[in-house]
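The chain below stands alone and is given in structure tokens; this is the form predicted alone.
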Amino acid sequence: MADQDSRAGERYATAQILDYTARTHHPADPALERAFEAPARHGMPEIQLGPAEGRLLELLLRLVNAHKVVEIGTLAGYSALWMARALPPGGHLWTIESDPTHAGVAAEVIGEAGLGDRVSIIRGDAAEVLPKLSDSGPFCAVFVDADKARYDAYGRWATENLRTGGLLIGDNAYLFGRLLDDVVEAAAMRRFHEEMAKHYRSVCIPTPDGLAVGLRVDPEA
């Protein structure tokens, strides 16, 4: 039945319906639109979340009352902007970006939105940066949208550094349709899924490329 429901959703999601629901649930927002368009303006890969996924990310953080959040993979700061808006006063987002040009664009986007005081953009390789962030934990949420071959490693770091009731969220969970292929990236992504299912109450939401969401459970429960 679930597969049938998913296929039915795809069949009924006409362009007109998608346009209507987008305008209704997340109407035009100049700061977010500028952030969404930043990759195209700067010749960067246009691989950011869609607006509906951004809104979902914001809502999930609000639902768990997230105060301290880590993002792995900043790009131009679009998803960071959604998450920073979800934080309460005193909340903070640490976002990691290995490409210095991308990090610079993200700093501009977040600064223009007036949210620079609640976002730290950390330039560097996530594998080197994450161990240094552990002392700032435990965290309320970790969002992964970076190099796919290391999703499993990022997921393990999240599991060690999230509070009980915290969220692990991974974009591109279908790996662009290659999740079941015999390649390194797919094997890492499958481990990400399987380890999330072991340590979290989890689901993979059928967004265009899959959004895996897990709620950290008490390891003693």
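Each residue number is its position in the shown sequence, starting from 1. Worth saying up front: this structure is predicted, and the values here are computed from it rather than measured.
Omitted from view is the form predicted in complex with a small molecule, to which the following refers.
The closest non-hydrogen atom of residue 175 lies beyond 4.5 Å of the small molecule in the predicted bound form. Residue contact with the small molecule in the predicted bound form: residue 150 places a heavy atom within 4.5 Å of it.
At a distance threshold of 4.5 angstroms between non-hydrogen atoms, residue 146 is in contact with the small molecule in the predicted bound form. Taking the partner from elsewhere, residue 102 is found to have a heavy atom lying within 4.5 Å of the small molecule in the predicted bound form.
By the 4.5 Å heavy atom rule, the three marked residues 49, 75 and 154 all count as contacting the small molecule in the predicted bound form.
Contact with the small molecule in the predicted bound form, defined as a heavy atom within 4.5 Å, holds for exactly one of 140, 86, 126, 115, namely 126. Screening 59-67, 26-34, 180-188, 41-49 for residues having heavy atoms within 4.5 Å of the small molecule in the predicted bound form returns a single hit, 41-49.
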